[in-house]
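Take a look at this single chain, the form predicted alone, given in structure tokens.
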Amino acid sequence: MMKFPQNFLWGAATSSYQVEGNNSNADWWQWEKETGKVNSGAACRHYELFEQDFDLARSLNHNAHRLSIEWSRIEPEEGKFSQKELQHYLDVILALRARNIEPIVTLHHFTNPVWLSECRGWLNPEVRTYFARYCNFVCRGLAEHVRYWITINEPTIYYSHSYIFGFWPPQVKSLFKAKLVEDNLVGGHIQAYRLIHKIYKEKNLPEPSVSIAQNVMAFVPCTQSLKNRLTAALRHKWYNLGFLERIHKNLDFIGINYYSRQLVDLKGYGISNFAGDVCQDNHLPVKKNSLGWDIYPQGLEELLLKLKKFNLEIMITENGICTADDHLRWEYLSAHLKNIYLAMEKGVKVSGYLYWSLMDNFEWDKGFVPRFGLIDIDYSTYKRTIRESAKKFAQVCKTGVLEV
């Protein structure tokens, strides 16, 4: 039996674009229409059904929920802010508070307003000012009801998928541009962090707790050759730690998103090889999710121990699996909770666990096929159905006890 602390945060996460539907002022919406690759459409209709969804979360004994604000709703045109949309998100947060669920609010979760993308997005040297202006409007409107803020979700994923690999809008492949975007994300976070603390001080509110949600991965050498061990160490340094090392003095805790391992097998000595070569021979096989990602729960304990050096509390802001096998979902969830507990036994300060995601949703360039949710969504009727894994997790949320 593993007993978690009494004040531990238990819940799940969502992001606005992936669940709300009809975010027509966002760059992703524009990209969908231009490419025809995917269509988010009405998504899960969470924009109108949020109270129903939070009733389900409460019935599952969640005491925390991570959500995001859609910048393209708040500022649909440059410099023109919507009080109506701010009120909507205030209503969302008050609905959580009414159910005794702690809101954890993300300010940027991959999407940008169309007007920003049309003036070069995060490549624009003025983007830090734009982001701070948006954060100021949102934070002043919500501060009295929010303690936890995530400024930017997965900055490393954002600039790599959009500006190195070219998977996501604006589909650029340029290391130089990726570096400029990374620098602006660093600066944007630091400005937002300081601004949020300033607002709380002005309003004479208790200090907020501000972080990012950093995607981390277990980089495991395929063989114990020197080249593979060094490459795995380099990827950990660059991918997992690089951004955190640039901003750690402007963090109140560390939010981490963990899903999988990468089996490192260096085939050549170019930059792309060091950045991306993986084993193609199914060495060290493990179970996989429906997207083919390795299931490697022990990697979470290993990474938590490596993050101890920052001497900051850690919150698991995302961890989850897409699968049609709900037994595998519970196996995945419980195994990761076990490894969090083992890390805590070794002195890692972990404050909470948020499963990704509360409900099935729009998974970016993968569309609606991957099913991550604790709650099944029937996209023809929008009926919500609680999965058995969610009920098992609900018992952990209620008691704080994981039976092993």
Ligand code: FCB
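So that there is no doubt, residue numbering starts at 1 and follows the sequence shown. Please read all numbers here as calculations on a predicted model, not as lab measurements.
What comes next is about the form predicted together with this ligand, which is not displayed.
*Determine whether any heavy atom of Y353 comes within 4.5 Å of a heavy atom of this ligand in the predicted complex, and answer yes or no.*
The answer is no: Y353 has no heavy atom within 4.5 Å of this ligand.
- Query: Does any heavy atom of N153 come within 4.5 Å of a heavy atom of this ligand in the predicted complex?
  - Reply: Yes, N153 lies within 4.5 Å of this ligand in the predicted complex.
- prompt: W364 near this ligand in the predicted complex, any heavy atom under 4.5 Å?
  reply: Heavy-atom contact with this ligand at 4.5 Å: present for W364.
Give a yes/no on whether W293 approaches this ligand to within 4.5 Å in the predicted complex, heavy atoms considered. Answer yes; at least one heavy atom of W293 falls within 4.5 Å of this ligand in the predicted complex.
Which one, R261, R73, H189, H109, lies within 4.5 Å of this ligand in the predicted complex by heavy atoms?
-> If I apply the 4.5 Å criterion carefully, the residue I get is H109.
Exactly one of Q298, N124, S334, N215 has a non-hydrogen atom within 4.5 Å of this ligand in the predicted complex; which residue is it? Only one option qualifies, and that one is N215.
key: Partner-proximal stretch of 109 to 117, 137 to 145, 75 to 83, 276 to 284 relative to this ligand in the predicted complex, 4.5 angstroms, heavy atom   = Going through the listed ranges, the match is 109 to 117.
Partner contacts for 15 to 48, taking this ligand in the predicted complex and a 4.5 Å heavy atom cut-off: Result: Q18 alone.
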